[in-house]
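Single chain ahead, by itself, as structure tokens, in the form predicted alone.
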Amino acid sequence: MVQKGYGGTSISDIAQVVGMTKAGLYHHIAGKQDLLFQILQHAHDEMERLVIEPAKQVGDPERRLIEITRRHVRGILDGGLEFTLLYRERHHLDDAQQETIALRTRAYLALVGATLQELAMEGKLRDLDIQIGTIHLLKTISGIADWYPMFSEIDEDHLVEQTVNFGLSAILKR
């Protein structure tokens, strides 16, 4: 699905890649749409485990934002490139599945937005619309999945720190 897109991928393609028959694959999934939903649910589970829950433990909003950024970028690099790219295919889900994914996405946006709001209350945030700033920051992070494979010679630790620096310089007052 990452290579061919949802529409260009058949159940036969998936079965072949995982070394199963179509019948064997259908024992584990209801169909291609169900598989996409399970993949996106798994991606959100990992986001909660690796980013959201640890970030919630950080009291200082600036430190929290750094943790969110570092952990999100690291999660993408360590196994989330595919998840990030498949997220664009969520419009193929049925309405109930889309709503489930949207609720989970909004919870993450709310965490980042609340962090920016705290920074604003401390006088540290530039004059930004918090909702737009939140979306810009997360799109910057998720956009790494689009370009990093072409520039994989860039050291991952350097990429993580540069993304943190870029994000903070974009939203925090000097």
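We number the residues from 1 along the sequence you see. Note that this is a predicted model, so its numbers are computed, not measured.
Not on display, but discussed next: the form predicted together with another copy of the chain.
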Is G113 close to another copy of the chain in the predicted complex, meaning a heavy atom pair under 4.5 Å apart or at it? no
Close approach of V18 to another copy of the chain in the predicted complex, 4.5 Å, heavy atom: no
Can you work out whether R71 and another copy of the chain are in contact in the predicted complex, taking contact to mean some heavy atom pair no more than 4.5 Å apart? no
My question is simply whether I14 lines the interface with another copy of the chain in the predicted complex - judged by any non-hydrogen atom within 4.5 Å. no
Using a 4.5 Å heavy atom cut-off, are Q3, R88 and W147 all in contact with another copy of the chain in the predicted complex? yes
Exactly one of H28, R49, K56, R126 comes within 4.5 Å of another copy of the chain in the predicted complex through a heavy atom, and that residue is R126
Counting only heavy atoms and a 4.5 Å cutoff, which of 117-125, 59-67, 34-42, 139-147 contacts another copy of the chain in the predicted complex? 139-147
Taking another copy of the chain in the predicted complex, which residues along 142-163 bring a heavy atom to within 4.5 Å of it? G143, I144, D146, W147, M150, F151, E153, I154, H158, L159, Q162, T163
